[in-house]
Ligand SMILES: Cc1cc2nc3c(=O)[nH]c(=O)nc-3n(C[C@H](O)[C@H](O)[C@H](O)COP(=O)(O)OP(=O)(O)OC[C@H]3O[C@@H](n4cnc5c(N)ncnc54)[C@H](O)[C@@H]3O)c2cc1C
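Shown next as structure tokens: one chain only, the form predicted alone.
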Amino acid sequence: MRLPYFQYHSPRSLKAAFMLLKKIDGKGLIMAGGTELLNRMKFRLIEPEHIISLSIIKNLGNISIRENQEIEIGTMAKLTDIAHFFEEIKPYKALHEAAYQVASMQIRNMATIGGNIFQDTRCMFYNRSRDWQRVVPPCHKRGGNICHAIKNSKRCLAVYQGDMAPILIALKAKAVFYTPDVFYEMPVEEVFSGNSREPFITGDKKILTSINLAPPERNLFSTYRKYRIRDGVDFPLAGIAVALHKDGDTVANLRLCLTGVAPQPVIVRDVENIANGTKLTEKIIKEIAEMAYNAAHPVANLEDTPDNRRFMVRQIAYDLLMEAIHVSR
């Protein structure tokens, strides 16, 4: 499949990139690694007139530890580099796990954390070729008024399947954006709109420059696991990120975030009310796993059934928290 015609821009600075965004006025897109964006263009799911690559802007691919021990991950940092960097930083080992589970080695060598976070929502009735689009009535995401997954649905139910966002949300990471007036940051969870057709609230007049993490703490345990049909390549049909802070044998804070089951990453609410201030036991873990199950509401628009995906959410949550008991002792 060939790409549609577009004008390619490769600015040398954030200011130049921003001015281009302003000039093209909604007729183009920012490209990071391009592994997800270019595939959508080949399928003619999108046909932007302009592509603005961030590839030669200095320092956007760096991963560094600041003087205050905060970790800054540039938006153009490759997933392979992220997997290597966090392999030996035990409190943040989930970032190694999540990055390492993305697609194949060839893709990880090109894909970036910015691109992985800002990937589009997916649906097996939407991510199809131009031939499919010609014969099947357009769904909500293609500008129509029907949903092929759920009859009579009034909205799009395409699924967010990113691997990096859920663990960044569980770890309370901050996304840093650039405008000519100011750099500003917001929690990663706040960049998502919950709207499958337009998954992000950041608009096209600002540029993600980095993801910032608090200094790693010894009493932090983090992990990520996903369910997929094949061990390699596939997007998560369900995935869970866990971040557990402990104070001795007691849970100080526990956060769970799901992916692959909704239009955005799903924070499992009220887990703190059960876990915080207690010692994790199998009984409590079963309650939390059930809460994760109840927070997941997948629909029949990916490769496996909604029931199987919800079941796997509960099972993975249980397995990860049981692992947390043993690892953090």
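All residue numbers are counted from 1 along the displayed sequence. In this text the structure is predicted, and so the values were computed from the model without any measurement.
Note that the form predicted in complex with the ligand isn't included here; everything after this is about it.
Participant: Select from the listed residues Lys206, Arg142, Lys172, His84 the one whose heavy atoms reach within 4.5 Å of the ligand in the predicted bound form.
Facilitator: Of Lys206, Arg142, Lys172, His84, the residue with a heavy atom within 4.5 Å of the ligand in the predicted bound form is Lys206.
Participant: Please pick, from Met105, Ile201, Val182, Val233, the one residue with any non-hydrogen atom lying within 4.5 angstroms of the ligand in the predicted bound form.
Facilitator: Contact check passes for Val233.
Participant: Have a look at 134 to 142, 250 to 258, 185 to 193, 155 to 163 and name the one stretch with heavy atoms inside 4.5 Å of the ligand in the predicted bound form.
Facilitator: This holds for exactly one stretch, 155 to 163.
Participant: Using heavy atoms and a 4.5 Å cut-off, decide whether Pro91, Thr281 and Lys286 all contact the ligand in the predicted bound form.
Facilitator: None of them does, since no heavy atom lies within 4.5 Å of the partner.
Participant: Residue-level question: is Pro48 within 4.5 Å of the ligand in the predicted bound form, judged on heavy atoms?
Facilitator: No.
Participant: So in the predicted bound form, does any heavy atom of Gln119 sit within 4.5 Å of the ligand?
Facilitator: Contact check for Gln119: yes, within 4.5 Å of the ligand in the predicted bound form.
Participant: Check whether Thr35 has any heavy atom within 4.5 Å of a heavy atom of the ligand in the predicted bound form, and answer yes or no.
Facilitator: Flag for Thr35 set to yes.
Participant: Would Asn39 count as touching the ligand in the predicted bound form under a 4.5 Å heavy atom rule?
Facilitator: Heavy-atom contact with the ligand at 4.5 Å: present for Asn39.
Participant: Let me know which residues along 104 to 131 have a heavy atom within 4.5 Å of the ligand in the predicted bound form, or say none if there are none.
Facilitator: Result: Ile107, Met110, Ala111, Thr112, Gly114, Gly115, Asn116, Phe118, Gln119.
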